[in-house]
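The data below hold one chain only, encoded as structure tokens and taken in the form predicted alone.
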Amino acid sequence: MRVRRRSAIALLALAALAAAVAWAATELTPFGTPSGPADAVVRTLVHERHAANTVNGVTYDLRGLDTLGEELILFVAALGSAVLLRHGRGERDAGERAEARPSGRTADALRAAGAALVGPLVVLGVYVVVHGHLSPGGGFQGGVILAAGLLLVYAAGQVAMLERVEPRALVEVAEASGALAFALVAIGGLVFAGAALANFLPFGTTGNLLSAGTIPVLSVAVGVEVTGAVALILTELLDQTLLAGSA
């Protein structure tokens, strides 16, 4: 009896949803008919926002609230992963982790390549984050590149150094600081410009590093948050690997 009721309720809900979708489809613009000038976004971002990279301009200006939601989703996902993995290990494993080391010997070529590429990778990641409003890139892409440095350190077999250059507390602070900075810029727009994420900084000259108002600031905030979130997940997974290898 309960199964029948659930099925009936589900069918009614699906029928109502289908009717709403059909009604909304009748209000759509006819296929092939543009709703406005095709270059409206480019003209707005280049001439009014002074952002040379229109994709980054859309991400952090025209659709900044969507980006805020995406950043918070990543923040919660990284936090949830850390909580679940730490709970699974338990406090008993905290001492064992300090003694854990990866089994086997890392190949010399891999160690050399990993150690040599860490520096250039970090420089590339910073460049991509900072120049996101001028060239392809931005906070999301650059943050992943920066977090990949952790994997290179691990590939080089420098587990002890990994604990010094990327301690867990620093990663957690970076993730929280990036998310907080984005939210503060959103509040700044509400206070100084009358709308959340509205620009309240000088736009500067298109093509210069210090231009595009709050767009590069938001890109850097996202870069810090993404770096911290991805690095936090990698660190927790690395802990699991080390403990499993020492068991």
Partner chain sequence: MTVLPYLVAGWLLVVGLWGVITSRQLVHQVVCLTVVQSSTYVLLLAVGYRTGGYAPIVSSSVPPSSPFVDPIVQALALTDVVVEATVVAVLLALTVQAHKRFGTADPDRLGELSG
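The structure displayed is predicted, hence computed values, not measured ones. Numbering follows the first chain given and starts at 1. What we label the rigid core is the largest C-alpha set whose atoms superpose within 1.5 Å from one form to the other.
Another form exists, predicted in complex with the partner chain; not displayed. Remarks below refer to it.
Novice: Would you mind picking out the stretch of 148 to 156, 130 to 138, 110 to 118, 173 to 181 that comes within 4.5 angstroms of the partner chain in the predicted bound form, counting non-hydrogen atoms?
Specialist: The contacting stretch here is 130 to 138.
Novice: Taking 4.5 angstroms as the cut-off for heavy atoms, does residue 224 touch the partner chain in the predicted bound form?
Specialist: No - in the predicted bound form, heavy atoms of residue 224 and the partner chain never come within 4.5 Å of each other.
Novice: With a 4.5 Å heavy atom cut-off, would you call residue 65 a contact of the partner chain in the predicted bound form?
Specialist: Result no; residue 65 lies far from the partner chain in the predicted bound form.
Novice: Does the partner chain come within 4.5 Å of any heavy atom of residue 58 in the predicted bound form?
Specialist: So residue 58 counts as contacting the partner chain.
Novice: Against the partner chain in the predicted bound form, would residue 123 count as a contact residue? Criterion: heavy atoms within 4.5 Å.
Specialist: Although the partner chain is absent here, residue 123 would stay clear of it in the predicted bound form, with no heavy atoms inside 4.5 Å.
Novice: With the partner chain left out of view, which of 201, 193, 217, 42 would have a heavy atom within 4.5 Å of it in the predicted bound form?
Specialist: Checked against the cut-off, the match is 42.
Novice: At 4.5 Å, heavy atom to heavy atom, what parts of 4 to 20 sit next to the partner chain in the predicted bound form? List them in sequence order, or say none.
Specialist: Going through 4 to 20 in order - heavy atoms within 4.5 Å of the partner chain in the predicted bound form - the hits are 6, 7, 10, 11, 14, 17, 18.
Novice: With both forms fitted on the core, check whether the Cα of residue 28 differs by 2 Å or more between this form and the one not shown.
Specialist: Yes, the C-alpha moves 2 Å or more.
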